[in-house]
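A single chain, nothing else alongside it, follows as structure tokens in the form predicted alone.
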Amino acid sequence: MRLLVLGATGGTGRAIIRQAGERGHEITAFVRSPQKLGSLIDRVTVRQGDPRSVADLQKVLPGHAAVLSVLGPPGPGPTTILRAAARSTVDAMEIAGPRRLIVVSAAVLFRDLGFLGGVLRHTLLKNVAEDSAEMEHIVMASRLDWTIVRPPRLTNGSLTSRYRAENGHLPGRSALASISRADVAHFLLGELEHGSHTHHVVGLTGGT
């Protein structure tokens, strides 16, 4: 498939680029700063633009089978990047296609992560949680074939292909869970290929 990736310069986006070629997919990296791709720039088609711009997205969408959004907030402070990009992406996709959208959100939004999960959601990760929740509302209200993936703390560990996925919950229900960015990328590409979780919010954790 030919895939449009938002957030390609981040850790998960770079893992997607590395793995996609091995699986026979073509990647278009839609980025604001192409130089941040480094040596990976030779593996992708680069289109420069702002993910918050409907017009920019409309120009690049034709010819792609799906959109993968692995955008992340710039830090723990106040942010609206996720909701703004989601609104633009949904609007552009509903005009120009394609219909398949997968976005990465945050496991802290699950309400069954115990006391620690609630503390994180209302303190350290409050801004990220609010922006992620708004992003999810926009995606779920769309007419697209969406999947929302909520991983916990992301690491730079290697690809293991051993992880657990569950609709509506984080496997293990632990706010201290983690998963490597490489394994998240592996799951995202597999979901694009098989579509096992369309119209679901999926919790994803590392381990067997």
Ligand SMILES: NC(=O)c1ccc[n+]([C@@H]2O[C@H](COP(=O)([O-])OP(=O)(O)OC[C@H]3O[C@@H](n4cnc5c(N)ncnc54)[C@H](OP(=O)(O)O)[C@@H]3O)[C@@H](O)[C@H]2O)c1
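This is a predicted model, so every value here is computed, not measured. Just count from 1 along the sequence shown to find any residue number.
Just so it is clear, the following notes concern the form predicted in complex with the ligand, a form of the same protein that is not shown.
Interface residue among Arg47, Arg153, Arg164, His169, judged by heavy atoms within 4.5 Å of the ligand in the model of the complex: Arg153.
Of the candidate stretches 153-161, 136-144, 58-66, 38-46, only 153-161 contains residues with a heavy atom within 4.5 Å of the ligand in the model of the complex. In the model of the complex, the ligand sits beyond 4.5 Å of every heavy atom of Leu4.
Interface residue remark: Pro98 is not counted as part of the site for the ligand in the model of the complex, having no heavy atom within 4.5 Å.
None of the heavy atoms of Gln19 is located within 4.5 Å of the ligand in the model of the complex. Proximity of Gly11 to the ligand in the model of the complex falls within the 4.5 Å heavy atom cutoff. Although the partner is absent from the chain shown here, Pro51, Ile81 and Ser105 each have a heavy atom within 4.5 Å of the ligand in the model of the complex.
Applying a 4.5 Å heavy atom cutoff to the ligand in the model of the complex picks out Val128 as the lone residue from 110-146.
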